[in-house]
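Only one chain is shown below, in structure tokens, and it's the form predicted alone.
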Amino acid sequence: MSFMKTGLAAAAAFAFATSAQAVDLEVTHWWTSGGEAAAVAEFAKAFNEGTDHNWVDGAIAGGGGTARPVMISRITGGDPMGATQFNHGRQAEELVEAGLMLDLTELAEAEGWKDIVHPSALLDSCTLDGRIYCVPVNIHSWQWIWLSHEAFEKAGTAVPTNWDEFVAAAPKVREAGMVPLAMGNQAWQSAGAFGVMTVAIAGVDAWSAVTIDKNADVAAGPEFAKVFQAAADARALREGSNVQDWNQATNMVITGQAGGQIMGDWAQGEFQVAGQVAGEDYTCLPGLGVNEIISTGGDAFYFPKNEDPAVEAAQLELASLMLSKEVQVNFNLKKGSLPVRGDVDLTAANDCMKKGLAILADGNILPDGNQTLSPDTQGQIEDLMTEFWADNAITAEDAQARYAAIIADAD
């Protein structure tokens, strides 16, 4: 018996009691970049080698914004997959409320998930009315900027240590024929970059007042005015970044075509696939080098209800496997994310991951926007940011007024 079968004893205790039949389990997700594909392959390998079942990969290209409507449509339309990815937070809330997701509470209690998942807010995001409906698999933070050593060397300037230095160095990067700030054209990228700038420029208290408390007065106030002006100035820095996908923008940094990119720590997977070394080929600055803080976003897997007992047994085995120590290490080292378990060996982590682990250990964390804002509110903000970053005619003042109105009606 393999190590994985041994490690699945808790799940097997009642899963196999239902059925031991081998299952082809379709797993849908939006992990299609080089680093993401390498990471999800660790899940598939562990499932195929550690159980009697078969992982059927259901990757959907285009990111979460493209994949989630497809996933939701299949589940509500009576064609559920075996497991599906959502971000930590409220994205699957209505599906759970409709009774369409498998209750994992017995498995979670048998394996002590409340004792091993850290921070506890991750499991809270999986919980409704005291019942657990998903398994958190990683911690991803948006709060990073990635800087190309090659680009700043070409520009004849030192690698910045914070956002102000990055902005000050941008003209030299541009004069040397490169794009200062790489950014793709997907809505979630511009909204995410704005969120990172908010924490760094307006500060944690102002961010919390707006994103957690939905305080429209703060959103319309002077702290956020600074953020919108900084974002308006940054629009010029991204000119020439004519790519669509986030990983294409990351590749601009990797290849020295751009000075930097505001992007979550999933970008680490792309640097790793490219053979680049943190601290030598690129620099990562948490909180834009201003506030050393990370948000505890990331990914969780839900398991749509299925009438076949054999499928449910396989679902429970996969849920258990995803939180096992070895799989947590193998997956997260490839993904560039932090494990949700604090009791695993991460001596192989690179410098950027170690920075994140240290910040997490110090408790300098924020919830992710997906955990505090509804999908509808998130969508409205993404629409606004898409317009704002693409159209220089939209002033910082106009964008801020529209943003404050969204927050005033946020749920």
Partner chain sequence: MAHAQRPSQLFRNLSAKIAAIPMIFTALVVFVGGTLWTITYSFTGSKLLPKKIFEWFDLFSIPVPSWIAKDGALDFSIPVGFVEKSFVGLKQYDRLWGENRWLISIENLFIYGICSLIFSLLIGFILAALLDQKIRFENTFRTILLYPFALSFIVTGLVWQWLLNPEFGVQSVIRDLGWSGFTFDPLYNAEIVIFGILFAGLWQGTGFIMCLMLAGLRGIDEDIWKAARVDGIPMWKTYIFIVIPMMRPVFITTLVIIAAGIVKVYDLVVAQTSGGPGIASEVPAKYVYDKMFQAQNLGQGFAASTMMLLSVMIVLIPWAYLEFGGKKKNG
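Because the structure is predicted, anything quoted here is derived from the model rather than measured. Residue numbers count along the first chain shown, from 1.
Heads up, the form predicted together with the partner chain isn't pictured, but that's what we're talking about next.
*Asks:* Would all three of 76, 95 and 380 be in contact with the partner chain in the predicted complex, where contact means some heavy atom lies within 4.5 Å?
*Replies:* Yes, because 76, 95 and 380 each have a heavy atom that approaches the partner chain to within 4.5 Å in the predicted complex.
*Asks:* Could you check which residue among 57, 49, 362, 376 gets a heavy atom within 4.5 Å of the partner chain in the predicted complex?
*Replies:* For this set of options, the contacting one is 376.
*Asks:* State the residue from 85, 211, 91, 148 whose non-hydrogen atoms include one within 4.5 Å of the partner chain in the predicted complex.
*Replies:* If I apply the 4.5 Å criterion carefully, the residue I get is 91.
*Asks:* Using a 4.5 Å heavy atom cut-off, indicate which stretch of 305-313, 337-345, 198-206, 68-76 touches the partner chain in the predicted complex.
*Replies:* In short, 68-76.
*Asks:* Does residue 386 make contact with the partner chain in the predicted complex, using a 4.5 Å heavy atom cut-off?
*Replies:* Close contact exists here: in the predicted complex, residue 386 approaches the partner chain to within 4.5 Å, heavy atoms only.
*Asks:* Taking heavy atoms and a 4.5 Å cut-off, does residue 22 contact the partner chain in the predicted complex?
*Replies:* Output for residue 22 is no: heavy atoms all beyond 4.5 Å of the partner chain.
*Asks:* Taking heavy atoms and a 4.5 Å cut-off, does residue 390 contact the partner chain in the predicted complex?
*Replies:* Yes, contact at 4.5 Å.
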